[in-house]
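Only one chain comes next, encoded as structure tokens, the form predicted on its own.
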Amino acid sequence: MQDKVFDIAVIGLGPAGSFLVKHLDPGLRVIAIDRKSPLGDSGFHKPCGGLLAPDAQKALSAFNMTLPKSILVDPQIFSVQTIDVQTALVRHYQRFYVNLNRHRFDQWLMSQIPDQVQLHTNAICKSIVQSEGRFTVNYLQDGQTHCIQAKYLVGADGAHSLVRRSLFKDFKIKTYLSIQQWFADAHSTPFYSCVFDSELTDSYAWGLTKDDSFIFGGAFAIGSGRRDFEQLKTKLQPYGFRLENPIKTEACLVLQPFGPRNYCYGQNNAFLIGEAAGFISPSSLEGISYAIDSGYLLSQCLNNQADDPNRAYRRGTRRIRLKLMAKYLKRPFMYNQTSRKLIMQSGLMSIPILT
């Protein structure tokens, strides 16, 4: 049984989980469980547009990390075409995103996990129980169920976190259904687009050229999400979107915090990091930078063996929360239709497109 007892069990190896595990003290016994394959393009892929925002670039730069060419895709686009469907306004704004293959990005981060970590990929966590000061975790891998125990448990398993749902059932946060489809790219010019339609969603939608494909997706109300998604596709035809014959459809949940009570840090030796904790921008839905920051922060709390690591972690997230509050203040200028109309009509900071 000794080889099934760990100091720390980490569920999920997106950027949050990978950064945590990478920076944990090598003397700790750590197990990490994730659904993805560490190699190749088969298996589970996180639905994601695959743009690395400036905040995420800055977070990587703090660790002196540079991206390998293998995870980049064509083209690299320097502006976003912003469309307000209700007012029919279209503006272009300069943006500095990196266009990448999100699955390969996650695999690259996983490849840097130290060898002493017991890594279980292509595995699905099925249940979590806390009793007598330990967590019992059951997971499925290669058709077999396995059981381990750990003193500390970390949920890095995203918006639909099993750790959060199992241990913190009373936590509530606004949740959307994120849907995106892949198409063979039929547009004459590559582009990235941000779409607002207040009739169909109080969040936003996106379109993006990626190699020979075009991705269109958006965040919608859970009950009517698929219907609203299809309606928006139809409404974008006059803007030149070519969205016929999708190759594949992906869907997942995405969170959108609206205040300081929308974060779940964990308690009693259980922790939540990244989007599982609610650390995601309320304006852009960008989450990689907060995943990196919260994952590293928790690693330092656990490495320092604080008397109350939960308290140390919550206190340490103050900088993350202040950054998120600044994003919350930005949100009305994007999502309030009147404010958005005034800004777009003014042409403030927009790029004139020369034809």
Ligand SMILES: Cc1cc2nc3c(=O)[nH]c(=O)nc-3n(C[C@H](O)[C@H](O)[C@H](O)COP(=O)(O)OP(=O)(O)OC[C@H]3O[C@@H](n4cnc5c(N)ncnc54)[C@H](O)[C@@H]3O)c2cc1C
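Quick caveat, the model's predicted, so the values are computed rather than measured. Numbers for residues come from their place in the sequence shown, where the first is 1.
Only in words, not in the display: the form predicted in complex with the named molecule, which the text now covers.
At a distance of at most 4.5 angstroms from the named molecule in the predicted complex, all three residues Phe44, Pro47 and Glu286 contribute at least one non-hydrogen atom. The closest heavy atom approach of Gly274 to the named molecule in the predicted complex falls within 4.5 Å. Using a 4.5 Å cutoff between non-hydrogen atoms, Arg35 counts as a contact of the named molecule in the predicted complex. A residue is said to contact a partner when one of its heavy atoms sits within 4.5 Å of a partner heavy atom; Gly158 meets this definition for the named molecule in the predicted complex. In the predicted complex, the named molecule sits within 4.5 Å of a heavy atom of Ser178. Of the candidates Leu232, Ile83, Val254, Val117, Val254 is the one whose heavy atoms come within 4.5 Å of the named molecule in the predicted complex; the others do not.
A single residue from the set Trp206, Phe241, Tyr265, Tyr152 has any heavy atom within 4.5 angstroms of the named molecule in the predicted complex; that residue is Trp206. Screening 178-186, 67-75, 195-203, 241-249 for residues having heavy atoms within 4.5 Å of the named molecule in the predicted complex returns a single hit, 178-186.
Interface residues of 117-143, taken as those with a heavy atom within 4.5 Å of the named molecule in the predicted complex (partner not displayed): Ala123, Ile124, Cys125, in sequence order.
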